[in-house]
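Read the single chain below, which is given as C-alpha cells and is the form predicted on its own.
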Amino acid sequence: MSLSTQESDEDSNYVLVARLDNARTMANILKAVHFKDTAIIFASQNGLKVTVEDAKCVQANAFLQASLFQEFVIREDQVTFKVNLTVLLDCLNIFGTSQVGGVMTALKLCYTGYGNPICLLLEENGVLTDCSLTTQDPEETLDFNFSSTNVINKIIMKSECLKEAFSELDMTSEVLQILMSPDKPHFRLSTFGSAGSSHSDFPKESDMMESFQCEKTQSNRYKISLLKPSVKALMLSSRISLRMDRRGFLSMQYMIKTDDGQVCFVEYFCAPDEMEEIDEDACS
C-alpha cells in the first residue's frame, strides 16, 4: 500500500503526522540551511520551522508551511525537538537525490512526543523504507530581536544578479561590506582581499530591483564565513529580501519555489562584525 493511501490506527498515538508526496521538496529546503549537523524543529499549526545556528552570530530558519504537505496533523500547540540534520537529509535522500522519469519518493513523518524518535516512512515504486531518528532536548535558540519597526533599509530584488555577484566574491576577504543608501550607489557589496578591494553596485533603477526602501545610508561588515552558508539558499531562490535594522543586523529572506510550484521561505539573520568596525575606527 502506498503512503498516499495508507491510513494507520496508530496515527492517533502521534502528536505530529506530516505527509508529502515528494520528499525531495523537504530535502531541498533543508539543504538550504544545512551548515551545521544539528537543527531544532518547531512544529505548530502553521507548519514546520527548522532552525540552525552557528557561533551565536548567524541563524537560519527554513519554513515549511502546513499547506505544503498533503497531510499535516499536530495535536499539541507546539512540538519542539532537536535532530541530527545530516542524518535526516540522508534519510530523505535514501532513494537518491535525483527524480528519474518523474518518479517521486513519498514521505510520512511521525512523532510520538517528547523523548521519542521521529519515524520517517519513505516509499518509491512500491519499495517501502522506514528510518528512526533519535531526538534530543532542544536548546534555547537565539532571539535576534529583529523587529520590522526597527528596520531602516529594505531591498527586494531578483536573485539572479546576486547569484552572479556572490559567485565572484573574493574569498580571501574576511568580510563582506554591505552598503544600502538612498543615494548612489544605492546598494553595494565590497570585499577586501589579498588582490585589493572590489565592489559590485546595484542601482535602484535596475530591472533586478523590485522594491527599494532606504531611509538613510548604512554600511556594515559581516564575516564571509558566516554569510557563506546562505549561498545555498540564494542558489535555490528566485527573489531575495535584504533588511538592515538600526543595529546593523542583517536579515536575508529567500523565496524558493518547489517542484510543484508552491513557495517556501528561508531566512538568515547575521550580526555585524563589530570587531572589524572597532579596528577600522581605531585606525582612522
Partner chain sequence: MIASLKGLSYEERLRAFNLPSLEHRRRRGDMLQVYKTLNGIDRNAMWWCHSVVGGAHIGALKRMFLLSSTQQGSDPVFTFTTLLGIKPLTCVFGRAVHSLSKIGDELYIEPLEQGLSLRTVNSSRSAFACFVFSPSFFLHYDDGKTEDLSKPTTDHDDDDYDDSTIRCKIGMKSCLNVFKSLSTLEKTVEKCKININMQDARVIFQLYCRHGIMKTYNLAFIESETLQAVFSKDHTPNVLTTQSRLLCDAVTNFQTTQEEVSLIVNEDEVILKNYVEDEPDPNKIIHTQMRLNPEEFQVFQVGVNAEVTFCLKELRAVLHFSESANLPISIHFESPGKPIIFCLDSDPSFEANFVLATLADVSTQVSCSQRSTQTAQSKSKDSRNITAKKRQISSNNERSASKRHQDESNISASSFLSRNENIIKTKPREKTTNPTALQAATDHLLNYVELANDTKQSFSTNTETRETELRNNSQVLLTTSPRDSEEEESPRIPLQMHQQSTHQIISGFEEPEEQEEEVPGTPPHATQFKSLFFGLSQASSMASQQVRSPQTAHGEPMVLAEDTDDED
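Numbering follows the first chain given and starts at 1. This structure is a prediction, so every number in the text was calculated from the model and none was measured.
As for the form predicted in complex with the partner chain, it is not shown, yet the points below apply to it.
- Within 4.5 Å of any heavy atom of the partner chain in the model of the complex lies no heavy atom of N150.
- None of the heavy atoms of L128 is located within 4.5 Å of the partner chain in the model of the complex.
- Put simply, S181 is far from the partner chain in the model of the complex: not one heavy atom of it is within 4.5 Å.
- Contact annotation: R75 falls outside 4.5 Å of the partner chain in the model of the complex, judged by heavy atom distances.
- This chain lacks the partner; the member of L169, L121, C214, M104 within 4.5 angstroms of the partner chain in the model of the complex by a non-hydrogen atom is L169.
- Only one of T135, S159, Q177, S200 comes within 4.5 Å of the partner chain in the model of the complex through a heavy atom, and that residue is S200.
- The stretch that touches the partner chain in the model of the complex, counting heavy atoms within 4.5 Å, is 160-168, out of 111-119, 140-148, 77-85, 160-168.
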